[in-house]
Structure formats: structure tokens, C-alpha cells
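Next up: just one chain, as C-alpha cells, the form predicted on its own.
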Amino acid sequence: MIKAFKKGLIGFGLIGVGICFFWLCGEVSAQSSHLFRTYKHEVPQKLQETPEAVAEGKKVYEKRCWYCHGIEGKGDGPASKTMFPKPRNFTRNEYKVRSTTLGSVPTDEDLFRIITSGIEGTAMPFWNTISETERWQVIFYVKTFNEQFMKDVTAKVVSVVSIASTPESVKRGQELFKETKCYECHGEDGRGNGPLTVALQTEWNMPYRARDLTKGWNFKGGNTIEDIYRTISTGFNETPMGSYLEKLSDEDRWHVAHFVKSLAKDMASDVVVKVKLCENDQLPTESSDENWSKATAVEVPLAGQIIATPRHWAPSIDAIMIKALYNKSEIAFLLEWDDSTNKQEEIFRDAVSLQFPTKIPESLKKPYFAMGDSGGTVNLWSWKAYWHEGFGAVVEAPENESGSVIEMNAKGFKSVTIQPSESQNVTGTGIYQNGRWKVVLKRTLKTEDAKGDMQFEIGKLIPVAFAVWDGSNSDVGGQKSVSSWYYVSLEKPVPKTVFAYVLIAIIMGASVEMWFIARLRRFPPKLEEE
């Protein structure tokens, strides 16, 4: 009885200390992984392929698939004009995600997995909303568009058996990554900015974009170690990504897969960017400043702007990372995003924009996230990469040039005004390094332009939206990658008195506990006689 009472008392004391601890630390971070398509590996028992099943598959195709892939399967459906990459042409052997060797068509099971899972980074959705029977039937019909399915009935399937990763394997994979010149397309840091990819896009105007290996969520056909090994082994039909089945041994392909997996990360996103209080009087003005390590990074997914003309159906920037700091008088944002080139033209330039309402909403109602509306004005902080007319039609932005910053207001796409010079309060710098832009934007918390500028307040949820332009992708004006509304929140400083309160609470809890224990020892409970 006494032991049980002691345990309960101690537990109560620990709960009290825990409450004080969370009071001291504030809100617990709610950062979570952003959800994307998941490549499914499981395949149910295959339906028997019969003329009746093919006929039923035709009905499914003409109801679900033709609008993108075309009535004859040539990838030329009405919706295909707005898509990048284009829908698969079933009459050609364009199949990317396969377990079969390069040049072969996929197995029925491969097709089932793709129809079930979709393909990330494309318009191909997952179709697990239709029955398994319908999925098998439409597969049988799709195969009728290409005679090679009849010829490749015994196509070689690449065996995939997982091998555990070790530091030595990752290191060897990195060496092979360089030896086999994977960096020429994917870049030395895996950001898809290799010299060959840059040349394909900027000099030869070809649509091929090497995969950014740091963005695991965008891997076609899945990002597990088995998926990566399969892709290295099979390659992608009709693309520069070839097969390494014959070029590397099985062991070496696993080494490369482990290295690629070490580069990949999940998207850690949150709806709130927590702005950390910087104890130093001076906020960082450069992206390399060590103080940025104190801030919490939030990654926000982006999509092409398709609300107003000109619509952007083929965006190349799909995410932006944000960090933020503030002090007594200023706030600063660090914005980072991957870009395979930093090629600029006079019209098409790399750029980024932060968008705020002109005042903190008192309710859930906010201006339209796409440049505001007639009922709600937005405040825009816009940074553009450096441009100099004397450099010719296309140039690389010099690393020592900070770019230009301009502050604007908007009430919709067709109602954008540049603030007068006396109201231009935002400063900024940008630098392009190893396939990644890093831009710092800074402004005072309060300004004299209360109508046109956001006035930041500690502890409030302040809406923010993002836009990014890729000059090498001909992004300009409304052709950009955008986000919907997110939030920034300036964290409240912790009063020094809180530390004293916590210490007092701990001492009081310990004193009460010791008093009860001492009393129990002096006056132990009497046991009843049997």
C-alpha cells in the first residue's frame, strides 16, 4: 500500500514538472512529411486475359483514359496539350517504370502497379478508385495498341533482392556515381543540374530534365532502395536515362542505389513558418550566416499557376524552403529552391516573391491567394536575378551580384502597382550555388505605410504565399510556380520569470513529496489483524 502511494505521488510530481517543461518550451513542432503518391508493390492475382476482358477494358479506357492518352492511345488526347511531361504514347515503347530490361515493354504486373500508384511528377493519377478487375481489363486493352507486347512475352525481368546499406557501400556508390559520369546529368550534388542537362535545356531546347535526386518524393516509380536499384538496372525507355545492367555488376548497382538513397529526402512541410527570435541585434543579410541554423526550416510544395492567363502547365520548380528570424525591429526570410540552371534573359529571369495581406486578417477570410482581389489587397516582396544588357541574349547570373528587389501591391493579376520609392523598405541578396538559389529578404517589422505594407505582430498568424519563376523555363508574369496561403508566426520571447517559476514549482513539488514521505514514516498505517 505504502509503495503504491509513493509511486502515485512521484508520478503526480513528474506530471507537474512535465507541464512546467512544456509551458517553458512553448508549442511542440507540428512539422510533418508532405504526402505524395506512394508506389505500390503488391499485385493481386491476375485476371485471365480473354477477348471478353479486352472488350470490357475498352469501355474502361474510353471512360477513364482517352482524354489524356487519346482515343487511339497515341498520347494526344484533348488534355495532353496542357501537360508536361506528355501522356504516354501506348503505340510506342515509351514505358519508363518497368521490371524488364531496356527496350522491352513492361509486364502486366508492372502496368498494374502504375495504374494503381500513378506516377509522381506527372499528371498520371492513381486509379485505385476503380476495381481490380477493371484495372486488369484496361491493361489488356492498352496492350492492343502495341504489337511488341505479343513479341516480348518472355522478356527478361530484373531480379530485385534488397541488400542492407552500409557507410562503406554509400561511399563506394559515390565513387561509382563519378566514375560512370552520372553527375553529367544529375549534377555533383544530385540536383539535376549537370552540364549535359543544362545543355539539353538551354542550348538544344530539348525537354529532358534529369531527376533531382535530393527530392525523393519526385522519383518515378517509387523511392525505396529496391525501386532505385530497379531504375538503375532497367533505365527509362526513350530517354537519356539508360540501363546499367550490363555496365555495372549487381553489387555495384546496389552501391550506387545506396548513394542515391542517401541524397534523397522527404518533404518536411508545415502550415506555419515559425519565426525565431534572434538574440543578436543584427539579423543575417547573407544566406551563409550561421544564425540561420537556429531557425526551423519549412518546405512548401509549389504548382503551376493555372488560374489566370497566361497559365503555366509545365512548371519546373516544385518546392521552396523557408527559414525566418526576427529581432526587436526587423524580420528576415531565407528562401531556397533548386534550379538546374541560372540562365537569364532580359524577359525570362529567375525570381521569387513573398505575398502577404496588407493587414492581418481578423477572421478566416483572406484576400485571394493568387495576387489578391478587389476586396483584398496584397503586399508583394519580389526579388529578381541580376541582368545586364551588355551580356547578350542569355547569361548566367554572376555569383557576386545580389539581384534586385522591388515592393508592390496587387488587387488581382491585372491590378499590380509598384510602391513609390519612399515606400520601398525591403532589401535582399541572392546567390546561386550548386544548382540552388538562396535569397535573403529583410524589412522592418513596422513601416509608415500602414495601408500598403504588412505590419508584423508577435504571436499572430500572418498569411503568406510564395511564387517562383525559372528563367530557363520561360517563366514570366503569370507563368510561375505558386503556393496557396501558408502562415508565419513570430514566436513569443520567453520571459525570464518563467525559469524562476519552474524552479519554484519543482522545489515545492519536491518539498510536498518529502513531507508526505516523512509523515508516513512517523505514522505508518496500522494493518488490520486477521
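Values in this document were obtained by computation on a predicted structure and should not be read as measured data. For every residue, the number given is its place in the sequence shown, counted from 1.
The same protein also has a form predicted in complex with a small molecule, omitted here; what follows describes it.
Peer 1: Kindly confirm or deny that 65, 83 and 127 each have some heavy atom within 4.5 angstroms of the small molecule in the predicted complex.
Peer 2: Per the other structure, all of 65, 83 and 127 touch the small molecule.
Peer 1: Out of the stretches listed (333-341, 182-190, 377-385, 355-363), which one is close to the small molecule in the predicted complex, meaning heavy atoms within 4.5 Å?
Peer 2: Going through the listed ranges, the match is 182-190.
Peer 1: May I ask you to choose, among 440, 454, 260, 317, the residue with a heavy atom within 4.5 Å of the small molecule in the predicted complex?
Peer 2: The residue in contact is 260.
Peer 1: Only one of 292, 90, 348, 326 has a non-hydrogen atom within 4.5 angstroms of the small molecule in the predicted complex; which is it?
Peer 2: Checking each option against the small molecule in the predicted complex, the one that comes within 4.5 Å is 90.
Peer 1: In the predicted complex, does residue 371 have a heavy atom within 4.5 Å of the small molecule?
Peer 2: Looking in the predicted complex, residue contacts with the small molecule do not include residue 371, since no heavy atom lies within 4.5 Å.
Peer 1: Is residue 239 near the small molecule? Define near as a heavy atom within 4.5 Å, in the predicted complex.
Peer 2: Yes, residue 239 is a contact residue.
Peer 1: Please run the contact check for residue 94 against the small molecule in the predicted complex: heavy atoms, 4.5 angstroms, yes or no?
Peer 2: Result yes; residue 94 sits at the interface with the small molecule in the predicted complex.
Peer 1: Answer for residue 254 alone: is it within 4.5 Å of the small molecule in the predicted complex, judged on heavy atom distances?
Peer 2: Residue 254: no, not in contact with the small molecule in the predicted complex.
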